[in-house]
Ligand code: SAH
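Single chain ahead, by itself, as structure tokens, in the form predicted on its own.
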């Protein structure tokens, strides 16, 4: 197959020689041929030196690299990449186990497939394309998934309307590439939950908090727990299994609260320890008393772009300041940021400022990040997006 060729400016090949998977538009000197967005291109450095093959796109990131060796990107290519990723998940004891069938199978750059996310919920794969190239390859990827997962795979749901570049005018519609509508009850560390992959956020559930939810379970015994921005209630039912006295779940979305109640009922039918409230987080925190000695703050991304970073950090400061002010002495705070543009240092500084404002003695018990099925490519540190702290507040 003859691909269009992208030639880099002098000294702009260094990042690719260090296996960074992006080519920025400013690094390009010339292009041979007329690639359309989503086309495969070969990237060359000085003296016609081959560097990589990747998807061409319009914008700041001009090429997302799929291979640093000459490669024919076809169904066999996707099958091999997915097989490698699946083998890793099996070795992590996330895939193919009795008490867990929920995990991220493909995590973009972390699995050397930039622009592609695939989450598994029992027998359903939910596929999300973040680039036009991955959108065009969706049917080949679906075939590769069937080959690798075999009979364990019953449905492939494509959910990319909200993640594809809107300027590409693809008119993409979410829907099944394979199988049909089923109600899967997914399993995570032995706990059951309903997943709304059609209308829910992301792929339907926040798989990336699995290990942090598990850690919370160990801190929950005999505590009064507040789960802010609860979404579908993941932290709440782990807290209940951990022996919490009372668990309150809060989210601004009435639909999320309905799903939380459903999930709690699935695991703890008739349990009176749990209550859920559809309410704005800041309003709830402001009016609540000092009723809780374990608080989870897991807000949606306050910053998706660098130009709103300052406002985002103010948001984290304000949110954590209220929690520090209200939490009972001896309380534990789980606090998170999932904004990729907020660095670990920035997040910690925002939380530190909030702690100083409260005047309370605060100690770090754990520094948290994303789990192993959301791997960070060592050549792409930008892939580390989830940051969390577990704090003991005197």
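Because the structure is predicted, anything quoted here is derived from the model rather than measured. Numbering follows the first chain given and starts at 1.
One more form of this protein exists, namely the form predicted in complex with this ligand; it is left out here, but the text below deals with it.
Visitor: Can you tell me if residue 249 lies within 4.5 angstroms of this ligand in the model of the complex, counting non-hydrogen atoms only?
Guide: Result no; residue 249 lies far from this ligand in the model of the complex.
Visitor: Taking the shortest heavy atom distance, is residue 220 within 4.5 Å of this ligand in the model of the complex?
Guide: Although this ligand is absent here, residue 220 would stay clear of it in the model of the complex, with no heavy atoms inside 4.5 Å.
Visitor: Spell out, yes or no, whether the shortest heavy atom distance between residue 299 and this ligand in the model of the complex is within 4.5 Å.
Guide: Judged by the heavy-atom cut-off of 4.5 Å, residue 299 is in contact with this ligand in the model of the complex.
Visitor: Going by a heavy atom distance of 4.5 Å, is residue 279 a contact of this ligand in the model of the complex?
Guide: Residue 279: contacts this ligand in the model of the complex.
Visitor: Can you check 109 to 117, 223 to 231, 123 to 131, 143 to 151 and let me know which stretch has heavy atoms within 4.5 Å of this ligand in the model of the complex?
Guide: The contacting stretch is 223 to 231.
Visitor: Tell me whether 24, 56 and 64, taken together, all sit within 4.5 Å of this ligand in the model of the complex, counting heavy atoms only.
Guide: Contact check failed for every one of 24, 56 and 64.
Visitor: Of the residues 206, 103, 197, 316, which one places a heavy atom within 4.5 Å of this ligand in the model of the complex?
Guide: By the 4.5 Å heavy-atom cutoff, the listed residue in contact is 206.
Visitor: Pick from 75, 163, 172, 253: which residue has any heavy atom within 4.5 angstroms of this ligand in the model of the complex?
Guide: It is 253 that has a heavy atom within 4.5 Å of the partner.
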